[in-house]
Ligand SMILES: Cc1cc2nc3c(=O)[nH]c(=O)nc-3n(C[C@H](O)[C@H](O)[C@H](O)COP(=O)(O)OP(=O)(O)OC[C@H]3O[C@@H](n4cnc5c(N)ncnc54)[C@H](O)[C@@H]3O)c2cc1C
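This document starts with one chain, in the form predicted on its own, laid out as structure tokens.
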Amino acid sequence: MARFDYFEPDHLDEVFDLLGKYGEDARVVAGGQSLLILIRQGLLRPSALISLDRISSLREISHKGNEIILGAMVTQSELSAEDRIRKHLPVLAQAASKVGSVHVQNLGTVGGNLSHAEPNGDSAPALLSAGAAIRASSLRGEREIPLESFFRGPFENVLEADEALTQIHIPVPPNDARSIYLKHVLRAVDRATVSVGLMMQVDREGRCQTVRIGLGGAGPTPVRAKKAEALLEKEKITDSIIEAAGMEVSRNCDPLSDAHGPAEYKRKMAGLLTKRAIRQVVEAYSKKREV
């Protein structure tokens, strides 16, 4: 049976003191669902678990200036229901609504989902497409990490032993931007085989002004499809350019074969979902212009 010290501090300074004391032998608990499974399986043997549950500031969703700021303890259920998220960042609301079962969404947090650094997690592709950054905090101060630089490998992030993820900062997209999250699964409650988060701006002539594509399950970590983005940007969105973008995603992604599917299958699905996401966003623009 696993044995460890368990703490429920009331303030962040207490969290940082404990992290400084235990170092790499400590684990921060957000929702805790994935972490406890790893401990039960003997894959992790921490000396201390430090819960963030009592720190109310980490449960806030705020809108400051041109940013939406998520506390690390905001749950997936709260994300999918929050009006500002649904209005400005539908890609994130959609991703949150597809994280496992309702029970998982009620307990699972956005900070925990990102820190777990699972290659096929739902939050990361959506937030990559939105240009999010992580706020990492410790007794030494705070630092901001672009999300695309946050993942080091499967189930591994760049946080130092004395740091905790405290906030996610997301720029508010332009009013004319459109976004979508698509996820391929065998069952609705499964983790993604492959997933795509897409945010685009398309002008009245059908030309792509800006685009960001986040991929899950398409490599050892969640990634941006930068080569496909470069193909689309400043180009008129036609069937041929959509096909080219999908092929670029399939060609450049590097998925792992696992229980969710072989690498070659994931590679094809990543391209297919990318094409589907682009078409759905372009269709949304067309419908708006017809109104």
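We number the residues from 1 along the sequence you see. The shown structure was predicted, so the numbers you read here are calculated from the model rather than taken from an experiment.
Here the subject shifts to the form predicted together with the named molecule, a form of this protein not shown in this document.
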Revision key, fill the gap. Exactly one of D162, E118, E82, E148 comes within 4.5 Å of the named molecule in the predicted complex through a heavy atom, and that residue is E118
Study note, to complete from the structure: Heavy atom within 4.5 Å of the named molecule in the predicted complex, from candidates R212, H184, H88, K98, belongs to K98
Point to revise | Contact stretch among 171-179, 216-224, 202-210, 186-194 - heavy atom within 4.5 Å of the named molecule in the predicted complex | key: 186-194
Exercise for review: Kindly indicate whether I37, T109 and D122 are, all three, within 4.5 angstroms of the named molecule in the predicted complex, using heavy atoms.
Suggested key: yes
**Study point:** Interface membership of L139, the named molecule in the predicted complex, 4.5 Å heavy atom rule
**Key:** no
Review point. Using heavy atoms and a 4.5 Å limit, would one call L128 a contact residue for the named molecule in the predicted complex?
Key: no
Check your understanding: Applying a 4.5 Å heavy atom distance criterion, does L92 contact the named molecule in the predicted complex?
Key -> no
Check your understanding: V104 near the named molecule in the predicted complex, any heavy atom under 4.5 Å?
Key -> yes
